[in-house]
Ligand SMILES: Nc1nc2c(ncn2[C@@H]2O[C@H](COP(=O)(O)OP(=O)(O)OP(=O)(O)O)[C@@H](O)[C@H]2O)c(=O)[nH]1
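What follows is a single chain, given as structure tokens, in the form predicted on its own.
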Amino acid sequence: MTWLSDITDGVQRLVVGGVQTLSPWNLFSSTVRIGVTGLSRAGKTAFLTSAASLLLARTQPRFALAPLGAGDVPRFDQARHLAALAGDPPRWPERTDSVSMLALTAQVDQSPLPSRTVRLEFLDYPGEWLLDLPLLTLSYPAWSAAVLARLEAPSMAPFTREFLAFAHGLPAKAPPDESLARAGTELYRAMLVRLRDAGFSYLQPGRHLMPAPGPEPPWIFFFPARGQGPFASLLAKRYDAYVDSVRRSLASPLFAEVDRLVVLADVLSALHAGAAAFADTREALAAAAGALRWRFSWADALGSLLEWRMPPKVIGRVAFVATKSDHVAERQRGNLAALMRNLAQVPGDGVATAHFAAASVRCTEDFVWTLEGRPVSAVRGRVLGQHVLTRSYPGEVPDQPPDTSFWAHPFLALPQFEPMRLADGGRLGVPNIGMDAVLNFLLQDVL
């Protein structure tokens, strides 16, 4: 390859796909930013804590924690989260409620050339905010119609009655009243919390569940409603301001520089929550996958250059991970990965995609349990707050979205196990399932 074609290839990868192969642009140093996000309560904090501990425990190349520089993004508190897992008894790390970042560096040998500095930046992006991305293509009336149609389904009635009574009772010509907007927003937020606690995932807007740091701006107070009167116009203006805020965050250097992505989902809990919650998780994953930045856009590139900034990178490598795979036995984890593959597909070609069943922090061990006179592959571990091992066999994991017959025999509850004890305070890594495969997929071309 000539130097000219090599430079051309470097430019294309810088703009379109991130750092993927050696070129004059990254021959002696490279930075790879990996976004870690997912559906609510899928285990982002545990995933990032485990991934960092595994990389820091490597001997070749040897990684070290790196400073974040002068930016305003909070640092992911790896030491505190690892200390929780290393406690006696071990505790789950507190879930993060805002964007944070963790940086690692290593010197990669490339003899006979000088070693190359590799910097990995893991961006912890709230899962609740992930589902704001589909809003970028929806008007307020279209979004309201879609959300209200989901909420009005009979299966949602136990969670939505109070808010729907308020929304349906709004006069068609209601004035643009601030107290009315705030009252409706608080009812809507309370409903979203109930739905999340019941195992639902497709909940918008995400910042109603997890507000951004700082005082809330006036435009945050909106909710889905029908109608075209003055009050509906006020809500529409606030929705547009919210969407504009989401668009600006994607164009910011923080998120625009992401070129690898991990999307986590707790598919097992969705199976346990029932048909409605599972269908909701399926819709949420499809919406998120369809809204992410998979293709290079000349319109985005031109707009960026007019503002004297680099165009946003296109995500070139994404790992979809079904978490908590240690809650089922080894023989069922292949089905769990296959189910994740059925639920999350990237539109179009050109993106390196892989699907995994993993447990960032292992909680159980496999064993054979005799149920009703027949052996079954099960797991056992310590439930939080207990000292004896608890056995668990939640049921068979389907390898594709189940039909109606599956729900006649519900997936059993998943115990809340405590993490396994860590050896040497976690300095040797965190017990896990499948994390090496995920990291290898994300970083094999870099390391």
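If you're wondering where the values come from, they're calculated on a predicted model, not measured in any experiment. All residue numbers refer to positions in the sequence shown, first residue = 1.
There is another form of the same protein, the form predicted in complex with the named molecule; it is not shown, and what comes next is about it.
Note on the interface: of 53-61, 66-74, 38-46, 398-406, the segment with non-hydrogen atoms within 4.5 angstroms of the named molecule in the predicted complex is 38-46. Proximity of Pro205 to the named molecule in the predicted complex falls outside the 4.5 Å heavy atom cutoff. Tyr239 falls outside the set of residues with a heavy atom inside 4.5 Å of the named molecule in the predicted complex. In the predicted complex, Thr185 stays away from the named molecule, with no heavy atom inside 4.5 Å.
In the predicted complex, no heavy atom of Trp143 sits within 4.5 Å of the named molecule. Here is the short version: of Leu235, Cys363, Leu123, Ala284, the single residue with a heavy atom within 4.5 Å of the named molecule in the predicted complex is Cys363. Comment: the named molecule is not present in this chain, but in the predicted complex one of Phe255, Phe163, Trp219, Trp92 has a heavy atom within 4.5 Å of it, namely Trp92. Within 4.5 angstroms of the named molecule in the predicted complex, the stretch 96-117 places a non-hydrogen atom from Thr96 alone.
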